[in-house]
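Quick setup: one chain, the form predicted on its own, written in structure tokens, and binding and motion questions come after.
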């Protein structure tokens, strides 16, 4: 008696259409997020916008006044230095620490998670005043170095969580043992094996830290003030003078952060491509 061969059952590929409430929810979210940004852009070029729904006219005069403002170049440079220095210090502190705790001190991971949550619960005013009172000796007293340390603490959770998730996603123990079996030391394992594999997490953390620090105002104002004037301080100063110029500063700040984010992603993608080519040729 011949056995009957079962024919595979083909399920037709049907496009799953989103429900009406899903479309409404996504649309409402986009509307809620984009309207303030678009309004800021429009207000920065509006001649007058208080009597009608749309501006009565448009001009680029406020951008000209923003670029001609005193300390524009200096504050922009200081903000870039502060943000990039914070990203660098955060990487030097967070990446080796997370790797060491994950591979050698697994019992300390809950304590590290708790420590990384603390900056969210400490108000920036309290953090700034505490650091100013403790580090009141030269050369740290009210210096940019103290400010960098403060913003590193403040932004540490934004770097820690992406890096920790990336290390948990790879088998760091096996990679470490494989590298050490080939004669690599801890530094070589970390720099040539672990970091290339957690690069997406490093890039995500770097973007979050850069965007957070570039727009930080409270710590800078209380720790250094006018001694190391940053872009947010200049923006807040113009909110008391002219709202249109302040909107122009906001647009410039957002655009710079956006361009730097694209640059970081581009550098990361180049690194990933180079890594892939090296693996294929190897």
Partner chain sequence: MKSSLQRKTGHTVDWLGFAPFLLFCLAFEIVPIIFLLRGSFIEKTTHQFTIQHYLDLQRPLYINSFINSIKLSGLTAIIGMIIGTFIGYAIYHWPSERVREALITLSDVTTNFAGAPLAFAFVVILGMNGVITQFMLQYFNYDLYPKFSIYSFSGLILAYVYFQLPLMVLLILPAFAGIKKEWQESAQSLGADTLQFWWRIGIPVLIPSLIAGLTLLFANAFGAYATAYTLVQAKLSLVTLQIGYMIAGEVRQDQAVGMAMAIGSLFIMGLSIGIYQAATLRTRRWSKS
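Keep in mind that this is a model prediction, so the values were computed, not measured. Definition used throughout: the rigid core is the maximal C-alpha set that superposes within 1.5 Å between two forms. Numbering follows the first chain given and starts at 1.
The form predicted together with its partner chain exists for this protein as well; it is not shown, and the discussion that follows is about that form.
For the candidate set 199, 129, 169, 84, a heavy atom within 4.5 Å of its partner chain in the predicted complex is found for exactly one residue, namely 129.
Contact check for 162, 187 and 203: none of the three has a heavy atom within 4.5 Å of its partner chain in the predicted complex. Its partner chain is not shown here, and in the predicted complex it never comes within 4.5 Å of any heavy atom of residue 67. For the chain shown alone, residue 123 is a contact residue for its partner chain in the predicted complex, at least one non-hydrogen atom being within 4.5 angstroms. Its partner chain in the predicted complex is approached by residue 50, whose closest heavy atom lies within 4.5 angstroms of it.
For residue 254, a non-hydrogen atom is located within 4.5 Å of its partner chain in the predicted complex, even though that partner is not displayed. Residues of 160 to 190 placing a heavy atom within 4.5 Å of its partner chain in the predicted complex, in sequence order: 173, 177. Core-superposed comparison between the shown form and the other one: the CA of residue 118 stays below a 2 Å shift. Core-superposed comparison between the shown form and the other one: the Cα of residue 106 travels less than 2 Å.
Once the rigid core is used as the reference frame, the Cα position of residue 139 differs between the shown form and the other one by less than 2 Å. Compared with the form shown here, the Cα atoms of residue 117 and residue 260 move at least 3 Å closer together in the predicted complex. In the predicted complex, the CA atoms of residue 83 and residue 261 sit farther apart than in the displayed form, by at least 3 angstroms.
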